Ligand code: NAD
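Have a look below at one chain only, the form predicted on its own, in structure tokens format.
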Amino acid sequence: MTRDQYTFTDPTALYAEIEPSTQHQDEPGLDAKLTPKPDLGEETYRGSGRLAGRKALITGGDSGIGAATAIAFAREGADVAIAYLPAEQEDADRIAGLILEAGVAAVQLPGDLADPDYCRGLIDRAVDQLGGLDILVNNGGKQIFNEDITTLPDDQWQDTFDVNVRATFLLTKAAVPHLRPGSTIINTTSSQAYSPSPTLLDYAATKWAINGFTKAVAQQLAPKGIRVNAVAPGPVWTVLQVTDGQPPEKLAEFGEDTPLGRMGQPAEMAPAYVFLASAESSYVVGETLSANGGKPTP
């Protein structure tokens, strides 16, 4: 029997065959070169029409959690636009192909979230090419480890905030005039917002900021019928980890400190985004849905 997201499964035994090893790629990296390959749900996600007719923009949609979410949204019936860095074109082409295979529209919008002009124009480009917008997923992010605040470069701190926080603000601000009641915005925060690693000072600070932004703007937009929520992944196997997101020597034990005893896979995150994007979560507003392998959160 082919396993999908509905298959009764022992969560501690999933993905035992996927064991990360010491490796490195230059930022931003490619899923195509990641070993072992993460599960994006290519063979396992089964749609059921939960987002039929919707139109979604996903930043960082070429790889990792964004790519898994793009595949899931497409199989649930949504037309999907993905934003990504031009250097990630190989990954983006593959994901666009999988979106098209689901029988929906795929739009590719390369650019850099660190560029405010790109962010300001991205929503209009997505609306024009999709014919509207119902779902915005602010997922694209930057994560570079550093072990000592005295050696953390000022420009790294600023770049991390520009990509993770400023882009979330700019895209949300630009999207609101296009969103009708029933639309949703989903931001990607992190377990780092609650339990920060000492080596991820700037990244953890941005994820805490995104969490607060989500809860504040959700209250502003709820009376308009626009729901804003967030997903807080824990340790998930993505190319972000091998592009200096983690110290290379720690990759072999990545995620082993969770109660489930393992890292997560992008395919395990996508259903959380589907739930928050769908009408099933119509009374869920300002929520941060943790998918972190069991680590307690506030």
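Here the structure is a predicted model, which is why all the values come from computation and not from measurement. Note that residue numbering begins at 1 and tracks the sequence as displayed.
The form predicted together with this ligand exists for this protein as well; it is not shown, and the discussion that follows is about that form.
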property	result
Check all three, 88, 141 and 236, heavy atom within 4.5 Å of this ligand in the predicted bound form	yes
Contact of residue 188 with this ligand in the predicted bound form (heavy atom, 4.5 Å)	yes
Residue contact check: residue 205 to this ligand in the predicted bound form, 4.5 Å heavy atom	no
Any non-hydrogen atom of residue 163 within 4.5 angstroms of this ligand in the predicted bound form	yes
Residue 241, heavy atom within 4.5 angstroms of this ligand in the predicted bound form	yes
Candidate from 176, 170, 114, 217 lying within 4.5 Å of this ligand in the predicted bound form - any heavy atom	114
Location of this ligand contact in the predicted bound form, chosen stretch of 149-157, 188-196, 218-226, 125-133 [non-hydrogen atom, 4.5 Å]	188-196
Any residue of 60-75 that, in the predicted bound form, places a heavy atom within 4.5 Å of this ligand	60, 62, 63, 64, 65, 66
